[in-house]
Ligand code: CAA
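Okay, here we've got a single chain as structure tokens, the form predicted alone, with questions on binding and movement later.
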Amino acid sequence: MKVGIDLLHFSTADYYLGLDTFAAEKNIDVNKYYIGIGQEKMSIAPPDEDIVSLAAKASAPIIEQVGADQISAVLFATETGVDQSKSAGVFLHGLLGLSKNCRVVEFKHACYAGAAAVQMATAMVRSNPKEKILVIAADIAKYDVDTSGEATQGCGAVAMLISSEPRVLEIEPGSGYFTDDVMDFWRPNHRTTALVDGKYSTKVYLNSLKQAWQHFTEQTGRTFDDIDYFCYHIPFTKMAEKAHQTLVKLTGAEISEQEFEEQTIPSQIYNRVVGNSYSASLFVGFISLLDNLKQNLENKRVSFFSYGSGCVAEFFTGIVQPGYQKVMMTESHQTQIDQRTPLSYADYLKYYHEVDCAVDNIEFATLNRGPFRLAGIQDHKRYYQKVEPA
């Protein structure tokens, strides 16, 4: 029995900050971003957008196709959770009108949680083929103003339906994984922004890739040459290039520069203009590969390397299914990206500082143009609004 991703769709915010605008404000050569880290834009969430509204926007087209009563579980992966107790998935469950006979749980380990949720959902379906599990990876990457991380912000959500006989990707059994207790990136409970040791985090990322790859080959017997395309967790686009260079060197693979680019660049296109989306970024990369590669991917093997600071990593593979193009939502993805509104640096700062969800009561102005929005907070209770189309 095949198990894997039957449908998937991603969402991002309605606004972006161009790194040309950012560079001009900071009086920095824009090529530090365009070339140095491989980023051009970063999606910016307005105050009435959070991971729940992003997740609902990502999930709605899937629910419309399969029916709200068919979802047996929601696994919500995020490192920018909205409550220390209540799962963000329960807010989502209500917004989408899912069946009461549904389990909901939140996953957290930095940017790795999305991969963990996919693996658990896959195991659940193998145990009971009747299951249809909605996996969400959603995050808003936010760093302190005037720090090195500020240029690597962004946001996005990916919704994936995990089922038997999937139409997009069969997830193959066997993976390689690695954990090490390090402090390369962290966010204490009292902070709304993350702390990061950038150079150290890059070093840990690459070491985790080596360790997870070695374990993967031991567990599966597969080699570099068995894989057609490679997707990596992308905190910034240049990181995927560094990762693939590391893997090529580690394995001794002999590939041309053209082959190197064909294996990796299509999966980087969306991240370059959306920015970091933490747990979602690996799967945004996979969607970017499916949407942007001109060649037919049917029966091709794609690898996934998930890295979460702190740190946990996993390397696994899947086979793209025949006819996958028929269920892709490419137009929606590209329209969302193309129709975003550019922000001035001053407007970006206004959005940045208006998001104060630690207050008892607040009502947010309508800036989010999507079908779901965070309307406000009353007595510390978040409430959401489903916006009917005009």
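Predicted model only: the values in this text are computed from it and were never measured. Note that residue numbering follows the sequence shown and begins at 1.
Heads up, the form predicted in complex with this ligand isn't pictured, but that's what we're talking about next.
This chain is displayed alone, yet in the model of the complex one of S148, T223, S99, Q295 has a heavy atom within 4.5 Å of this ligand; that residue is S148.
The single contact residue among H244, K132, K238, R301, judged by any heavy atom lying within 4.5 Å of this ligand in the model of the complex, is K238. Residue contact with this ligand in the model of the complex: C111 places a heavy atom within 4.5 Å of it.
Proximity of A365 to this ligand in the model of the complex: non-hydrogen atoms within 4.5 Å are absent; the residue sits far from the partner.
Within 4.5 Å of some heavy atom of this ligand in the model of the complex lies at least one heavy atom of I35. When this ligand is considered in the model of the complex, Y229 lies well away from it, no heavy atom lying within 4.5 Å. Of the stretches 323-331, 338-346, 52-60, 24-32, only 24-32 has residues with a heavy atom within 4.5 Å of this ligand in the model of the complex. Taken together, F178, K210 and F216 are entirely out of contact with this ligand in the model of the complex: none brings a heavy atom within 4.5 Å. Residues from 204-225 that approach this ligand in the model of the complex with a non-hydrogen atom within 4.5 Å are limited to Y205.
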